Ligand SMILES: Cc1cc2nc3c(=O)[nH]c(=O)nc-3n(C[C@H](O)[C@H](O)[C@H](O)COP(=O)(O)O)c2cc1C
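This document opens with one chain alone, in structure tokens, the form predicted on its own.
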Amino acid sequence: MVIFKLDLIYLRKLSMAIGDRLGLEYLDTTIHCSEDAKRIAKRRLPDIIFGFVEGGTGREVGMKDNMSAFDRIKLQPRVLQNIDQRIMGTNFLNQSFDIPFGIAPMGMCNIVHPFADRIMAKAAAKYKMPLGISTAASSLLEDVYKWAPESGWFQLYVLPPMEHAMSLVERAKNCGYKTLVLTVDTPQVSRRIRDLRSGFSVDFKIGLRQFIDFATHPVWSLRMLRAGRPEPANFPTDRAKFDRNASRALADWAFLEKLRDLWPNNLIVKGVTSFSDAQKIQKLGIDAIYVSNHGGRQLDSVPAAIDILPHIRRAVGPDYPLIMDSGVRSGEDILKAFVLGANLVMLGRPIMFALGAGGANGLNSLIEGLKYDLSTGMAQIGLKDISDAGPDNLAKTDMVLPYASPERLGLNG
């Protein structure tokens, strides 16, 4: 009997593995959270593609710290609060969003699903949430704007030649983007050991290992064959070929001042983890700062973004707009970021995992789960409006001693 049960378990796992390779749906492929999205994407995407999405730089310490830092933050539950109608909508830089989180700018998203950019744009329009469109997007910035005109933010990498970078700014202005995001934490792209080991590159060549990897993921491979290999669409090869490893150090303080003069709409600087840099950016008249360590993909020794966030909040004052990403995986993580000073939260890897796991259905399922868990977390801590989140919602658990009174310890409640 025991052997028979073990055989059934083995056969079920084997059939699920085969089904995932063939794109068949099983009950356990429903995405309830970012962990589900990651687990399913790992089975459905080729190893080389999954590794590119998941990986960080160096030993990936910074990437892991981003997530573990969220786990160390504890929220204080409150009871008997009037939280029947909770408000998650937020206003940010004169834009109104129905939910307080969005999709971070990410390059080459179509590598996990051939229509990823369009799916994300439709989701952004549906949920009325911000959507970052990367310089290295797989779709033209004009097309993405048509798909989500009220949600799209164009993100700029200053890659040589400078003329091409400035032409992207002009194109974004001409087609109607209200917000430009300048990424400044990538003066030189770091080595990603996973990519080196797997042979991943933008113009990668298929060897025997990659051929076997693709062949054992036929659904992904057939989709890509039908749609064509994704390319950085905003780099015409005849004038400005995309070089992922090119220096991006052209974006310096002088360039930022010039860009502030040229760009008439909202301007955000992304990739800030220094308090003094934040204050200098604020003094230059930049509309918002985007606190991010690039998801641990640039500097392995970087502090966790969520640990930096409250310090930057103190540096720029209570009213200056701040965005945050890096390590966000759940609705409660979004809530913690607001408690520690964020006005808007963006997600990267979980979005890519959801797309790779289930396309549009996968992304919508993830967003619905994040919304529900965020709302539930607000209810648990007695928070009716997300904009009212603050340090008072933190649980002070680090000073608990036997027989000490709550008053002496300064505990909430």
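All figures in this text were calculated on a predicted structure; none of them were measured in a lab. Start at 1 and count along the sequence shown; that's the residue number.
Below, we refer to the form predicted together with this ligand, which is not included among the displayed structures.
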### Message
Just to be sure I understand the contacts: of 343, 234, 155, 110, which is the one whose heavy atoms reach within 4.5 angstroms of this ligand in the predicted bound form?
### Response
155
## Note on the structure
None of 138, 183, 179, 273 but one has a heavy atom within 4.5 Å of this ligand in the predicted bound form; the exception is 183
### Task
Although this ligand is absent from this view, report whether residue 123 comes within 4.5 Å of it in the predicted bound form, heavy atoms only.
no
### Message
When the contact criterion is heavy atoms within 4.5 Å, does residue 106 count as touching this ligand in the predicted bound form?
### Response
yes
### Task
Please run the contact check for residue 295 against this ligand in the predicted bound form: heavy atoms, 4.5 angstroms, yes or no?
yes
#### Entry: in the predicted bound form, residue 350 touching this ligand (heavy atom, 4.5 Å)
yes
### Summary
The stretch from 142 to 150, 114 to 122, 251 to 259, 98 to 106 that lies within 4.5 Å of this ligand in the predicted bound form, judged by heavy atoms, is 98 to 106
### Task
Could you list the residues in 52 to 88 that come within 4.5 Å of this ligand in the predicted bound form, counting only heavy atoms and keeping sequence order?
52, 53
